[in-house]
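Next up: just one chain, as structure tokens, the form predicted alone.
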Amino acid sequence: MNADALRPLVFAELRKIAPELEAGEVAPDKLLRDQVDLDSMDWLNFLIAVHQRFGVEIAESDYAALDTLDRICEYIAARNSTPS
């Protein structure tokens, strides 16, 4: 699955953490934490949810690079995972 196809699935995981979000409110190329009011625990829970949904191991050293919706989708796509 490519990054574009993953975007709505990753956004759905984000909405579980921030249910107030509406489709189109998040620019995929902008910093997520600037657009969504997530504290560090919410952010960690989001990354855990991404890991569980897509079966992608996310190294702690990669957390800082996963700062936009696009980068998260590209990260997942690069690891050739499929959603469950």
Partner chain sequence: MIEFKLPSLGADMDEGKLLAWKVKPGDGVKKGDVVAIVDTTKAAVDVESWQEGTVHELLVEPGTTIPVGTVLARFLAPGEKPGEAAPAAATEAPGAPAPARDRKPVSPAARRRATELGVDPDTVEGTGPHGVVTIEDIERTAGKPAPGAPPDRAAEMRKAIAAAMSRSKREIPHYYLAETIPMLRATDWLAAENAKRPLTGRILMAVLQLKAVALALKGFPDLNGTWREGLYQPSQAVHLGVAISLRQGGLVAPAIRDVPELTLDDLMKSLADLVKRARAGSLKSSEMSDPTITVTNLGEAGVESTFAVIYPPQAAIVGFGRVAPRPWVEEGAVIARPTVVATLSADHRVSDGHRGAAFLADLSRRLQEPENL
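Keep in mind the model is a prediction, meaning the values are calculated, not measured. Residue numbers count along the first chain shown, from 1.
This next part talks about the form predicted in complex with the partner chain, which is not shown.
K.L.:
Does the partner chain, in the predicted bound form, lie within 4.5 angstroms of each residue among P19, D37 and A59, using heavy atoms as the measure?
P.N.:
Per the other structure, all of P19, D37 and A59 touch the partner chain.
K.L.:
Using 4.5 Å between non-hydrogen atoms, is R53 touching the partner chain in the predicted bound form?
P.N.:
Flag for R53 set to no.
K.L.:
With a 4.5 Å heavy atom cut-off, would you call V26 a contact of the partner chain in the predicted bound form?
P.N.:
Result no; V26 lies far from the partner chain in the predicted bound form.
K.L.:
Considering only heavy atoms, tell me if L31 and the partner chain come within 4.5 Å of each other in the predicted bound form.
P.N.:
Because no heavy atom of L31 falls inside 4.5 Å of the partner chain in the predicted bound form, the answer is no.
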